[in-house]
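Taking the form predicted alone, here's one chain by itself in structure tokens.
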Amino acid sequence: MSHIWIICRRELKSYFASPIAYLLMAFFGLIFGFGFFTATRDFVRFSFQAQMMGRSMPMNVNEQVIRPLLGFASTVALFLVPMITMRLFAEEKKTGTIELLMTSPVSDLQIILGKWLASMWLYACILAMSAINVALLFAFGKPDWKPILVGYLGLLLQGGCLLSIGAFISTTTKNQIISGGVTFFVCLLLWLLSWFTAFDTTGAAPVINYLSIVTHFENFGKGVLDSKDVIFYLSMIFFGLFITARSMESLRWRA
């Protein structure tokens, strides 16, 4: 366990020693802040319009502000994950430090878990930038906090799933640009699978739709914690880390 933590800490230092972490946090904070401003502006406008017209329309902050923002954050993550994972192993292979890492007294699993956990920490720090905006809703309103926690859990699980896949892709090339581009394509494909099967009634449609990350995030966005969605994300994380371990094993054989 100590080896995993050492690798994780080393990877985190490399993130924050360069502008990567700060640029990603600033990028997400700016984009999410714009989405937050738009959602709250429309919410307040519709609320005032309903009062002026004498209508008693139910205005729910969780449904009309927080839920769309969580969905927006899950979409922005498609752009963040490739930039986080593209350097995990590709940079090590390019600089030649992968040989030193693989001949050190640590197992492949410890290396993979250390790097993946570091990427998860960075991803969590990026998501934390949105907490500032959400806190404003509690300062001026009374949203239900439980669906918010479930929604953020969904974002973390979805991120962990995509990060594990990105880690595998990073082991297959020395070029960070190729790693980031392929990771983005795969993440986008997993995001679009539900669209491809929206009007499909064939037997394969439910299977393809089940593999979509959007399908399983919908319940989290509603504040519903469903075991089948949690199992899906955990299974995808395990699968991503498993194929990453097999890729690392092949590197040892080729060396």
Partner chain sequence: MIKVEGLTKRYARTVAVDNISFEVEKGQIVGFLGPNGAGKTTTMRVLTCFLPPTSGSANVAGFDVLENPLEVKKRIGYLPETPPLYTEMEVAEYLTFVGRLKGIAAGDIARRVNEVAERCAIADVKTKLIGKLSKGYRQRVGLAQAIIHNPDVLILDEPTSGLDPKQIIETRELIRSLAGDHTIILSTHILSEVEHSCERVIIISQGKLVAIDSVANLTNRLRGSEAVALEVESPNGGLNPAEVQQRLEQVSGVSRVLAKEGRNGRLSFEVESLQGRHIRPELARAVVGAGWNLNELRPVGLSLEDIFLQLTAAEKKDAAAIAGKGENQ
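Bear in mind the structure is a predicted one, so any value in this text is a computation, not a measurement. Numbering follows the first chain given and starts at 1.
Although it is not shown, the form predicted in complex with the partner chain is what the next lines describe.
Contact with the partner chain in the predicted bound form, defined as a heavy atom within 4.5 Å, is made by all three of H3, E99 and T103.
The partner chain is not shown here, and in the predicted bound form it never comes within 4.5 Å of any heavy atom of S235. Residue contact check for R246: none of its heavy atoms lie within 4.5 Å of the partner chain in the predicted bound form. Just one listed stretch, out of 104-112, 147-155, 72-80, 177-185, contacts the partner chain in the predicted bound form at the 4.5 Å heavy atom level, and that stretch is 104-112.
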